[in-house]
Ligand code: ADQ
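Form predicted on its own, single chain, as structure tokens, below.
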Amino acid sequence: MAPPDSEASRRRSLIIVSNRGPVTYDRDASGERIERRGGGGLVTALRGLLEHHDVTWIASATTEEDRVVAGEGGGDVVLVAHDAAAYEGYYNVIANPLLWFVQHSLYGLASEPDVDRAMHGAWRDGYAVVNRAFADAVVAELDNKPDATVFFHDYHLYLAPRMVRELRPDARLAHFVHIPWPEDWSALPPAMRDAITDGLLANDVVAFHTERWARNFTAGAGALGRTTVVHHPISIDVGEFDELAASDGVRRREEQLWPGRPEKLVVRVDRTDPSKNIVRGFRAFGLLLEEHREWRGRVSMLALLDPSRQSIPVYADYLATIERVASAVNERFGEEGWRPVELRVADDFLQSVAAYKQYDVLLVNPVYDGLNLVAKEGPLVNLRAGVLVLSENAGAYEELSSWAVGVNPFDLAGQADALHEALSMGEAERQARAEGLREHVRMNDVRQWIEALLADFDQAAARDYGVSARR
């Protein structure tokens, strides 16, 4: 690994490694190959790197056509075709739900998880095997780009950095963890949690969204050795959202959003993931209507939910509970011409942006969240001086609490009170909070996040070579 120079400070050689890639492939009705932009916030956030640096992206082949492309090789996107059984254990048993549930503190430890022989097998023959395949792909790319910085992402790839370090001791490695890092990892057997910590400590830099998550990692990791632990909250591409909010597609959805719009509109935009706390949000809204009759007929909640991981039983069960609780609120409080909860389950991001523009209150109440970009996307484009009600366990709370109404995600009464406060807030305070949020997001967009991470890479290289870091 060469020390940084002036050219490297302008344009860098990077290898991004994540489960999802920037593109995925399929065949259309005529049999022609089609390319689609990869899903998820990570891909969106890292587009700036693709535009300004020499990037190779390594990701899983997730469709049959992806596997064909993986066999063809070449290009700036390297797709790794995994054994189907190994990938099932890696993704649907270990990464989701085990690691996701542990890191979002979703387990009720009196009854779950049961780390049985099958789960140990999924760790050994799935998670470790897929991480090894990623590590081998990274090493192959380092043969072509020996000066590249390898940039791992998230909980899918905790073991891969150590595997790379063993084969390339001088590699420059960094890892960004996009989900919470809890204080308590006792739900995992010692061998698993020790391997996770060891894998992360093989990196030069480990990064989190918030000081809270970084502190938890540092406290549990023990001696950090060569590893620098940092925190930088991710953000959004402000220019892209400005264009999107003004687009014809969003304007059409605004017109169709809710005929006969109520006086006040509470909006939530989420995936149907238990960590998003949707059921408690509906129950808190019902409690608001029970305790404050003056809002009946005047306020409704629009819940736009993207179905998530429905092949995993606990996620499918959670969606069924969401639908049942929404129906219960409507049956109890609904009147002719007024439905308290409008629930729409679909993957329609343009509809979400249309709702962002029109909310009076935006409810973001996750149990835990690494950051939560909804809390930034909504305030940026909102046109009604809408109020953000934000969970204290969302990573974004560390940044945005000055302008939000904070809530404890487990406190139904507190959430009902917060909704009432937000709906009743005077215009001057609403405007001041909304303007503060909008200005903060504009001044701290995704490019600031990327530049902060690149500065961390330079600091790590400076430490290794004893030269001044360049920014």
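Note that this is a predicted model, so its numbers are computed, not measured. When you see a residue number, it is the position in the sequence shown, counting from 1.
Quick note: we don't show the form predicted in complex with adenosine-5'-diphosphate-glucose (ADQ), though the next part is all about it.
- Stretch-level contact check against adenosine-5'-diphosphate-glucose (ADQ) in the predicted complex with heavy atoms at 4.5 Å: of 218-226, 108-116, 172-180, 255-263, the positive one is 172-180.
- Shown alone here, residue 206 lies farther than 4.5 Å from adenosine-5'-diphosphate-glucose (ADQ) in the predicted complex, counting heavy atoms only.
- Within 4.5 Å of some heavy atom of adenosine-5'-diphosphate-glucose (ADQ) in the predicted complex lies at least one heavy atom of residue 356.
- Proximity of residue 131 to adenosine-5'-diphosphate-glucose (ADQ) in the predicted complex: non-hydrogen atoms within 4.5 Å are absent; the residue sits far from the partner.
- In the predicted complex, adenosine-5'-diphosphate-glucose (ADQ) sits within 4.5 Å of a heavy atom belonging to residue 100.
- Residue 370 is the only one of 386, 340, 370, 89 with a heavy atom lying within 4.5 Å of adenosine-5'-diphosphate-glucose (ADQ) in the predicted complex.
- Residue in contact with adenosine-5'-diphosphate-glucose (ADQ) in the predicted complex (any heavy atom within 4.5 Å), chosen from 271, 124, 193, 251: 271.
- In the predicted complex, the residues of 333-356 lying within 4.5 Å of adenosine-5'-diphosphate-glucose (ADQ) by at least one heavy atom are, in order, 346, 347, 348, 349, 352, 356.
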